[in-house]
Structure formats: C-alpha cells, structure tokens
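To begin, one chain is listed below as structure tokens, in the form predicted on its own.
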Amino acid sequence: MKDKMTIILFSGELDKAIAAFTLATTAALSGMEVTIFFTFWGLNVLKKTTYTVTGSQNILQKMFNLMSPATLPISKLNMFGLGPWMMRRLMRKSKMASLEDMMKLARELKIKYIACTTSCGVLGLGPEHLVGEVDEFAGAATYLAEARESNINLFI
C-alpha cells in the first residue's frame, strides 16, 4: 500500500497555493498518493474565470465572489496586485515552476482534487465554475476518510 498525504487548501493566496502544490508534487514524485481538499478561499485556485458571478447566486454570494477573484493575492505585501506580479517575475527569474505549471504537473502525477461541497454551496459555486480537473465534489466526511488513511495531513 502506498504512503498517502492529504492537504486542506483553505487559503486563496498565491504564496500558500504555491507551497501546497510544491509539497503535493514533491510527495507524488516520491511515490506518495496525494489528495488536495479545496475549501473556502482555496476554491479560488480552481475558478475558471477571474470573477465568478452568476444570476443564480444571491447578493452575498455575488459580493464574496467579486471580492475573492481567481487572480490570487499574496499573503504579505500584496500592494494592490504588485506583490503577486513581483513574485511571479522572481519565480521566472529563478527558473521556478509557476503555480499553473505545478497544477499541470499535479494532474500528470494523478494528485486527486476534491472540491468542498459545503464551501461551494455557501459561495454559490457549482462544477461549471471550477476547472474540469476536479475529481470529486465532497464534504468533510470524505476528507476525513482520506486523512485517516494518510501519513501526512497538512492545513494550508
């Protein structure tokens, strides 16, 4: 039986998403089975469009989705978007993989993506709003079942 790792990606910040995908892809490349459970702001990593506002959402859901776009800020020194631009530029200059490259690698390594149904419900997000790479829409019980079998469980 393979060693397993689970990550709860709660944050919708670029630097934390990069950390999550760095750990996930490293674990998968080491032969571990990896699951990432995207919940609350972590769902921003999976959004198809910058602003996910639809007619089926209520006013509060629309406001939340306007205020939490798919263009991820960084946790410190965001400076109205200058921080993420600087971080991406420094990553390119350092020949470090971008978040998009790591997400592509994660899919090639068969890292499992679970979108939290509770968070999707609260934020008015459906499968049509998220990238097609989501393997499963499920709740906390599914995550806990995965975590129970895992050697490493991280909350980012």
Partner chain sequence: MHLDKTLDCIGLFCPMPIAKTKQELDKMNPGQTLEILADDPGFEKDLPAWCRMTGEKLVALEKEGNIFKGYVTKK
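Residue numbers count along the first chain shown, from 1. All figures in this text were calculated on a predicted structure; none of them were measured in a lab.
Although not depicted, the form predicted in complex with its partner chain is the subject of the following passage.
**Student:** Would you mind picking out the stretch of 35-43, 58-66, 105-113, 125-133 that comes within 4.5 angstroms of its partner chain in the predicted bound form, counting non-hydrogen atoms?
**Tutor:** Going through the listed ranges, the match is 105-113.
**Student:** Residue-level question: is Ala97 within 4.5 Å of its partner chain in the predicted bound form, judged on heavy atoms?
**Tutor:** Yes, Ala97 sits close enough to its partner chain in the predicted bound form that at least one of its heavy atoms falls within 4.5 Å.
**Student:** When the contact criterion is heavy atoms within 4.5 Å, does Thr25 count as touching its partner chain in the predicted bound form?
**Tutor:** Heavy-atom contact with its partner chain at 4.5 Å: present for Thr25.
**Student:** Contact with its partner chain in the predicted bound form for Thr49, defined as at least one heavy atom pair within 4.5 Å: yes or no?
**Tutor:** No - in the predicted bound form, heavy atoms of Thr49 and its partner chain never come within 4.5 Å of each other.
**Student:** Since the partner is left out here, which residues of 134-156 would have a heavy atom within 4.5 Å of its partner chain in the predicted bound form?
**Tutor:** Counting only heavy atoms within 4.5 Å of its partner chain in the predicted bound form, no residue of 134-156 makes contact.
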